[in-house]
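First, one chain by itself in structure tokens, the form predicted alone.
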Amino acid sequence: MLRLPRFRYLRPQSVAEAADLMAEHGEQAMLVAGGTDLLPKMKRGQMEAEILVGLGHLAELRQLERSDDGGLRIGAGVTLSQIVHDAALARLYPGYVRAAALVSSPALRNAGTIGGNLCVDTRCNFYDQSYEWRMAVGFCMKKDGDICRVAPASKRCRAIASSDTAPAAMALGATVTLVSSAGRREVPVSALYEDDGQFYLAKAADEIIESIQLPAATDWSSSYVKVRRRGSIDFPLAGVAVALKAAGPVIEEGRIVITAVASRPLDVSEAAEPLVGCTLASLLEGQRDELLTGVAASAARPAKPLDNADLHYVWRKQMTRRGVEQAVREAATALLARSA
């Protein structure tokens, strides 16, 4: 049985106090809310912390409220299950809610938070193992070693992005509010990530995600398609988030974000430009199949899956294309139903 190492647990009374504690203790400390990613990795020696700063008890992180522009502000401590079971959210942001619903299992969604899922660690078959397994094979660049086991010539870690909600939030144009001892700032969700499997978060270690802001969903619809071996539990082998905006029956704007095929979610929205001006009906009735196939191929082109996750990497890239086609059709179907 794997056991947690010893650590101190600090229980701040506010987000501001938590930020001060992170600044005070530096690399010794890590944040914990649901703990669904952090605690198992502490058991396996993948993450080491002498101090855990708790966030899960803070009521200010568990609020959902309308913003003045018609959007929604969701506290980072809101659980994935709360998102999944919110009927209003499902109507306005179906892609984001589906992404939350496809994370792991019901039990873990009850504990896991939306802030935590945005920060969930990258993964790799050579990293997501016990300490003894990794020692026997040879430690990798991501933890304790100096070489990327899946791509030995690489100068950086090739572990892949594994958050489901991050691409869905990016496709919606969402932002996050970050709090540190130096103050607060608001950045796009896309600005949270670096193209490096080891140092994958662009935010400072002492910054805390306070909330995520989803823009008003007027004239928009979204979808999220996840490819995985099993129907639950598993991380994405490929993921596609799509958001479409329409004026009546005509597509005005499209966004596409793919994940699990690189070290960060990839915004490939330029691939959606040929969809602008298409009618929803022509797209759904098969009159624009060739155009949609081209959009999907263009969107999947930047995908660089490697042999560091389940199933074959060539197949995963093929499924990325298929996922784009499916997600575009689903978002278009929802828009057409809304305009009817």
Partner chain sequence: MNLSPATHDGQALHVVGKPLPRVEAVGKVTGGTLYADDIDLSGLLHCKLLRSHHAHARVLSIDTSSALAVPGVVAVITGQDLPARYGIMPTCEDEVALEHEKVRFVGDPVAAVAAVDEAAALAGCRAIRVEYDPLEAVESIEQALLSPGSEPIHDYAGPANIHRLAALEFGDVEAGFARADHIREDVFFFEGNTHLPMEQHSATAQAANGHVTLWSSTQNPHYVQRILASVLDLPMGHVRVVAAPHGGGFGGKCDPFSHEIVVCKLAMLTGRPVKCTLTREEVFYTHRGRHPVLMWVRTGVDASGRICAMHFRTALDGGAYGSYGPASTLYTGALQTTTYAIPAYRFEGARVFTNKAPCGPKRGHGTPQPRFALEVHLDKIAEEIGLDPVELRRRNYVKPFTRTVNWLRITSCGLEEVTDRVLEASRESRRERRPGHGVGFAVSSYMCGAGLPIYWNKLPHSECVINVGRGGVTLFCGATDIGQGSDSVLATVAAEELGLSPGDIRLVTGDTGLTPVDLGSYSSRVTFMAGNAARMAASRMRELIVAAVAEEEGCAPSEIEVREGKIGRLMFEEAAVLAEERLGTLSSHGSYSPPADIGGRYKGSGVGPSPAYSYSAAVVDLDADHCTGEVHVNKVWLAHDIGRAINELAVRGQVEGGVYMALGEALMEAQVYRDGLHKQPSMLDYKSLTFLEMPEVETILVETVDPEGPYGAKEVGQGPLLPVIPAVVSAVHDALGVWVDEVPVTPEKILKALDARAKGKEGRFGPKSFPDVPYPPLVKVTPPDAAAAAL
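Positions refer to the first chain, counted from 1. For clarity, every value in this text was computed on a predicted model and none was experimentally measured.
Although not depicted, the form predicted in complex with its partner chain is the subject of the following passage.
- Which one, 258-266, 131-139, 164-172, 88-96, holds residues whose non-hydrogen atoms are within 4.5 Å of its partner chain in the predicted complex? Selected range: 131-139.
- Can you check whether residue 234 is within 4.5 Å of its partner chain in the predicted complex, heavy atom basis? Yes.
- Can any non-hydrogen atom of residue 2 be found within 4.5 angstroms of its partner chain in the predicted complex? Judged by the heavy-atom cut-off of 4.5 Å, residue 2 is in contact with its partner chain in the predicted complex.
- Taking 4.5 angstroms as the cut-off for heavy atoms, does residue 229 touch its partner chain in the predicted complex? Result yes; residue 229 sits at the interface with its partner chain in the predicted complex.
- Query: Quick one: is residue 245 in contact with its partner chain in the predicted complex, heavy atoms, 4.5 Å cut-off?
  - Reply: Residue 245 lies outside the contact set for its partner chain.
- Message: Looking at 297, 311, 51, 284 here, can you tell me which has any non-hydrogen atom within 4.5 angstroms of its partner chain in the predicted complex?
- Response: If I apply the 4.5 Å criterion carefully, the residue I get is 311.
- Going through 62-84 from first to last, which residues have a non-hydrogen atom within 4.5 Å of its partner chain in the predicted complex? Residues within 4.5 Å: none in this stretch.
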